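Provided below as structure tokens are two forms of one protein chain, presented individually as structure 1 and structure 2.
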Structure 1
Amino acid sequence: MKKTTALLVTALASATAMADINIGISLSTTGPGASLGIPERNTVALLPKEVGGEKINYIVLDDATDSTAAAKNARKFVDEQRVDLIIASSTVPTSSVVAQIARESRTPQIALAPFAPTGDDKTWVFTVAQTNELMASVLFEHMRANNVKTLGYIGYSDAWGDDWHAVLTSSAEAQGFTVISNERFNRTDSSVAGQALRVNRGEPDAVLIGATGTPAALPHTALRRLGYKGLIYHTHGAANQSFLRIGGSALEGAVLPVGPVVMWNQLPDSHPSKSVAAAYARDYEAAHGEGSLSPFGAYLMDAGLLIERAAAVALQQAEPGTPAFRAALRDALESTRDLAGTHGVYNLSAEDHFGHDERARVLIQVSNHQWELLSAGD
């Protein structure tokens, strides 16, 4: 009788035990987006290990900055691994193909690039990176202060480049400037001399380069070699150490918006991201060396913080590994309020799956091969 009772208790305990929470992560750790994906991969070790007493497993795959590979990874996550959530990916094009699979499988996705889904995709996709509109707004403030009236543009020949050009052209009249060129290049191009020459001929007051990571340095250095003396702006996608190393002294004076984590040690103590960003920066650099901090790895850290809070809520409603848990996780993410991350404060809703405000941006410039704070987000 005692043996039967013991077996029954064991069986009941097994039946009620929660399964592990499984997270699939597809990153661009090789290819043109590697300078973004590598610090993201390095951050996996710093993510939350458990929530509510339940273990979190992270399954990490490389998508090589290739949309076909990213889609293949996402299929593997949902069909073979039965993950509860997908984090993907490092670039906008790779994030967008994963969104289609997230929607079809009804699996929540957190994008690390500023991918803005539309239609049904929006239901299942959340984005930790700041919107291009938010980051552009602080650039516009700087342009007005420096009397910029004509603006040249060189950007990627993909969704990132298209979106930044759209932001510029839709805001130009209201901001008091005219976009006088629209040159494009591919992420894998080794030269953009022709595009830079055409922009330089227009003699714009300033140029904005709509690119990310190390490729963003190409048009900048090409313009300086041609003798262009005006202001050169970049997007937040360019903010990493590889960009500084590749561009060298030609980048001096470049202006760009970034998340607060980049300048964590210069933020006022009142900034809500300072303590979170400081903790991440110290842990990351302790593992990877002084000066190794990247805002792209910090995006993954914020994804982990969002998952930690949402999973605590979802575990009260369903068991990991089930459609009900995935739905509960999605709903909990959408209900996130006042979560301080390394890149700002997240307030998500059905209408807003980015959740950022002006506290998610600071303006910096390149000075002596380092970042210099121009203004803190407020």
Structure 2
Amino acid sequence: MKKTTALLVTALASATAMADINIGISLSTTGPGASLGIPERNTVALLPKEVGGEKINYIVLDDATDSTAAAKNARKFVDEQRVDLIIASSTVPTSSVVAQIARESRTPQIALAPFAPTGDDKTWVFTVAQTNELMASVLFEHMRANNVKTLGYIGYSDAWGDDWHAVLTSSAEAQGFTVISNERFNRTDSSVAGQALRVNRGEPDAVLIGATGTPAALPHTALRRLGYKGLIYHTHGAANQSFLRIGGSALEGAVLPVGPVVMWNQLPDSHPSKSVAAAYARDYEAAHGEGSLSPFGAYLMDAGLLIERAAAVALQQAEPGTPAFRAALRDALESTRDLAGTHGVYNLSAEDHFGHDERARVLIQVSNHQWELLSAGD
């Protein structure tokens, strides 16, 4: 009797699971990427719960910021859970290994890090994070306005640091400045005094720090301690409250580009992201405390909004859990138009799997230990 009941329950469960939409989410909630992955995991509870009367199941796994673990998670999603879409992952290296499996299994993937595959490789991969080029472009405008001719650079010795350095050097000539130093540090380094000294001695007009979150504050404070008086730029990865807490008054005047969600309470009402970002920020901070908002969690929210819109279309064409549904979902994602998310407005196409425009970035500076809006980008 017990056995039959168990069988029945399993049969029922699988019958309902057939109709549900299953999304596999692999995030870096431990390891070096944890400050990105944790707010993303916290956002899962705020994602759309159903679309067109179908329930959406989210299966969340941790990849420990490790490419091997991310690949293993993706295999599990594809082979065991038969997911309709994979959201992965928090960092570029972990996202790129998942992309191979997504392509092989013809499962659409949404990456939360600025991972930019090219050609056929990008067919199944969409990215919600802004490209570093897009974010850098608003910094270039600010540099031109402030007559910055020489730029010093201190960045992570990893993909993030490399990519920002590449963006700077590739556009330096066109933008009329020269990158005069390229120093690297590790997230957990106990001192960056040597690098800061080196950059300071070049006497650049401005310095850009290619790091994320609290580690970005260390080179900044080291430079100020050495008496560096010039402008200091940061990347959008640095924008969280812990960064402000750690850096203290040394951060005054730091300029950085961010997604609109960071400035949700200062955005003009005309900004398309205002209402979505405000709703997300309020819900998130209600659950996790004031000042806990992170731009990284908001990427997952945007992924959820993209899926909600695309799944409604795909459901009319196929049954969830089938290859036809996955293909329909991919096509629907690719034809997303004018979707207002927390990080700007998404207009995807076969050529552009990022879908951002200048509304995805605002320029801010640190003033009195708070963010202050410089320009809203629209």
Partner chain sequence: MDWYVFTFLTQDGLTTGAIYALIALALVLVFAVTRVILVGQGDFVTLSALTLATLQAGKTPATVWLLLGGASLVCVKMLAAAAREGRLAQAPRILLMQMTLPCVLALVCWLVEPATLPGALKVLLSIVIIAPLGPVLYRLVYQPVAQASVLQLLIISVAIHIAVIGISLWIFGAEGFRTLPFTSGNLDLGEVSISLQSVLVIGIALALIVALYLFFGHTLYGKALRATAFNQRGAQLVGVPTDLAGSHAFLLAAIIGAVSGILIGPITTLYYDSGFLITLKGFVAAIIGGMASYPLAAAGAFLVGLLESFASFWVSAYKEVIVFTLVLPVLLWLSLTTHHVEEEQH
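As the structure is a computational prediction, the values presented were derived from the model and not from experiment. Residue numbering: structure 1 sequence, from 1. If you superpose the two forms and keep the largest set of C-alpha atoms that fall within 1.5 Å, you have the rigid core.
Undergrad: Compare the two displayed forms of this chain and pick out the form predicted on its own.
TA: Pick structure 1 here.
Undergrad: After superposing the rigid core, is the C-alpha displacement of Arg198 2 Å or more between structure 1 and structure 2?
TA: Passes the 2 Å threshold, so yes.
Undergrad: Note yes or no: does the Cα of Leu231 move by 2 Å or more between structure 1 and structure 2 after the core is superposed?
TA: After core superposition, the displacement of the Leu231 C-alpha between structure 1 and structure 2 reaches the 2 Å mark, so yes.
Undergrad: Report the hinge rotation between structure 1 and structure 2 as a whole number of degrees, treating the chain as two rigid parts and superposing on C-alpha atoms.
TA: Angle of the smaller part against the larger: 10 degrees.
Undergrad: Core overlaid, Ser157 C-alpha shift between structure 1 and structure 2, how many Å?
TA: Value for Ser157 between structure 1 and structure 2: 3.8 Å of C-alpha shift.
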